[in-house]
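Have a look below at one chain only, the form predicted on its own, in structure tokens format.
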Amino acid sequence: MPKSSNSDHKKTTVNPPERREELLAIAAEVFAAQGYNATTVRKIADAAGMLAGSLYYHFDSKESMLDEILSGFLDELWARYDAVLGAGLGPRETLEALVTESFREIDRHLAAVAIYQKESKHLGTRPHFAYLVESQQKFEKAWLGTLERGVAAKVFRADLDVRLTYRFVRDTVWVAASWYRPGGRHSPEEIARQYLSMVLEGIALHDS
């Protein structure tokens, strides 16, 4: 077995995956608090307790850091959404599961969610972040499709405006990122249950 060179050994010890993830978490907090345009590599480095030049050893730009933060969040979100959508659940159960997974993602990726809400509209105009627009379109299709299935199956009210309902559900779920604090009094699952009890009472078809 060939021996590692000194430079290879140095790189593996100085730049372990755990340190990279730690730096991304710090960068996400800075982006969320100050906004992408106002955030500089120096500000991220200061928050991480390192020199700005040292941060370039791990990332080539603040754009690449933001890309990893947002793409990582969306990859995980869609892995969970796709599992729900492919599970063969009824429309009500699908809606319940999508809402629950959304609150779980807010718990796991609070800063990334805040960044996405604030920055995705203008970032989506950049070719490097075109996947943000694609994700939003896929998101809308999944939620609208679930609501439409519910109306067709007579699980949800026939007079339901599915597009208006989608916007209401989307905005009221994800705005939780502005007040939710991980490790607080309520778990994401408990918040989802409380939320669903209010929403489903309004949209579900009730026996007369």
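Keep in mind the model is a prediction, meaning the values are calculated, not measured. Quick note: we count residues from 1 along the sequence shown, nothing fancier.
What comes next is about the form predicted together with another copy of the chain, which is not displayed.
Subject >> Non-hydrogen atom contact R92 with another copy of the chain in the predicted complex at 4.5 angstroms >> reply: Answer yes; at least one heavy atom of R92 falls within 4.5 Å of another copy of the chain in the predicted complex.
Original post:
Just to confirm, A25 within 4.5 Å of another copy of the chain in the predicted complex by heavy atoms?
Top reply: Taking the distances in the predicted complex, the answer for A25 is no, it never comes within 4.5 Å of another copy of the chain.
**OP:** Although another copy of the chain is absent from this view, report whether M65 comes within 4.5 Å of it in the predicted complex, heavy atoms only.
**Re:** Looking in the predicted complex, residue contacts with another copy of the chain do not include M65, since no heavy atom lies within 4.5 Å.
Original post:
Does another copy of the chain get within 4.5 angstroms of any non-hydrogen atom of D60 in the predicted complex?
Top reply: Heavy-atom contact with another copy of the chain at 4.5 Å: absent for D60.
Original post:
With the partner left out here, if you bring back another copy of the chain in the predicted complex, are A87, S135 and A142 all within 4.5 Å of it by some heavy atom?
Top reply: Result no, not one residue of the spot touches another copy of the chain.
Original post:
Judged by heavy atom distances of 4.5 Å or less, which residues of 134-157 approach another copy of the chain in the predicted complex?
Top reply: Contacts from 134-157: L147, K154, V155, F156, R157.
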